[in-house]
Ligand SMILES: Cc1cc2nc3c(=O)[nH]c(=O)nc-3n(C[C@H](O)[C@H](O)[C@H](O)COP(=O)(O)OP(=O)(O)OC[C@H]3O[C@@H](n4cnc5c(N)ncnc54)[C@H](O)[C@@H]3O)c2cc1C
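Quick setup: one chain, the form predicted alone, written in structure tokens, and binding and motion questions come after.
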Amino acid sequence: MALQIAIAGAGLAGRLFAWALSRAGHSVQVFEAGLGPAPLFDGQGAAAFTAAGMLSPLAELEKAEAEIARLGWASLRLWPQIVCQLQAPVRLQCEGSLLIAHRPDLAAAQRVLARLGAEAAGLERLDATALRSLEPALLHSGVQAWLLAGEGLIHPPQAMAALHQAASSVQWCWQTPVRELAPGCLVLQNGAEQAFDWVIDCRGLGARSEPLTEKLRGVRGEVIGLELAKHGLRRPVRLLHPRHRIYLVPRTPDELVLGASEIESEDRSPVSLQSAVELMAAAHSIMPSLSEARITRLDRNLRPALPDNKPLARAEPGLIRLNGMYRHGWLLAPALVQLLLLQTGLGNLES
């Protein structure tokens, strides 16, 4: 039976819900405070656009619990099925990722590996020859590297655009923030109240007025877009360093994204000179060819997180809530959306 469904928030989770529910034959409206479907890249809008798109369940065990990794692997199984059903191309690659450390920092690296627990046994330690074979663009001497098999990456702007395009029957209500919601109804910022069979709340930090998500905080992420023709990097790389937790992700054959995994701050101001210099110097130390890269974008955004850094995924009659995915949005969203769809019988992400 076709139902009337409202979604508050047009980030990654909102677009996955909209796409899946419209495919299931429901009438879907999405209410979003942002200006439109395209990324803003100014510290505002959906944090999903700012993300590098790493899909790293193993690497995230450094600070996350085993449940995050389990959900991450479930998402990695879902992403190929989702992408192959979208009309627009989306880059998705699951050829593993790399952890790398300079030899003076091996003690810090070993502490990280210890936090991975038993999962660290599945990492393949690479000598200089193996590293050169896998990633010729990286520094091979004076470093130690590990391959995390099965991990991967996705192109966030492509995926966000493709999900919006594929949900063509959905009514997208831009510049229409939701003030409050309850099972089966929502109230817009202008005071208008609307009734639905189901309401889905995935507004990120916009949901701080709700009791279950009032303790949400923003965790700042900073990224630098780089352009380097035929850079040669194939896999996401994380540098294990006592001070810097940086990642370098190949987005296209000529583009990369460099970023810091987390900064405990709700500051939305532009990236500082010190932060940018430290990020770029750390990346250059493991990929010397970056000295010729051109900076195309400096961006930042806030990712919604609850005090325990665990996601809230809850369904009750007439209302679904999904929020607080912290820095794991692209890793967790498909698995959590699928879980909630199956719990409520409203749809399915799988073909």
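Please read all numbers here as calculations on a predicted model, not as lab measurements. The first residue of the shown sequence is 1; numbering continues from there.
There is another form of this protein, the form predicted in complex with the named molecule, and it is not shown here; the text below is about that form.
- Taking the partner from elsewhere, M325 is found to have a heavy atom lying within 4.5 Å of the named molecule in the predicted bound form.
- In the predicted bound form, H26 stays away from the named molecule, with no heavy atom inside 4.5 Å.
- In the predicted bound form, the named molecule sits within 4.5 Å of a heavy atom belonging to G221.
- Residue contact with the named molecule in the predicted bound form: L58 places no heavy atom within 4.5 Å of it.
- Contact annotation: of the candidates V112, V170, V178, V199, the single residue with a non-hydrogen atom within 4.5 angstroms of the named molecule in the predicted bound form is V178.
- Stretch 221-229 is the contacting one of 137-145, 92-100, 124-132, 221-229, since its residues have non-hydrogen atoms within 4.5 Å of the named molecule in the predicted bound form.
- Residues N301, L302, R303, P304 of 299-320 are found to place at least one heavy atom within 4.5 Å of the named molecule in the predicted bound form.
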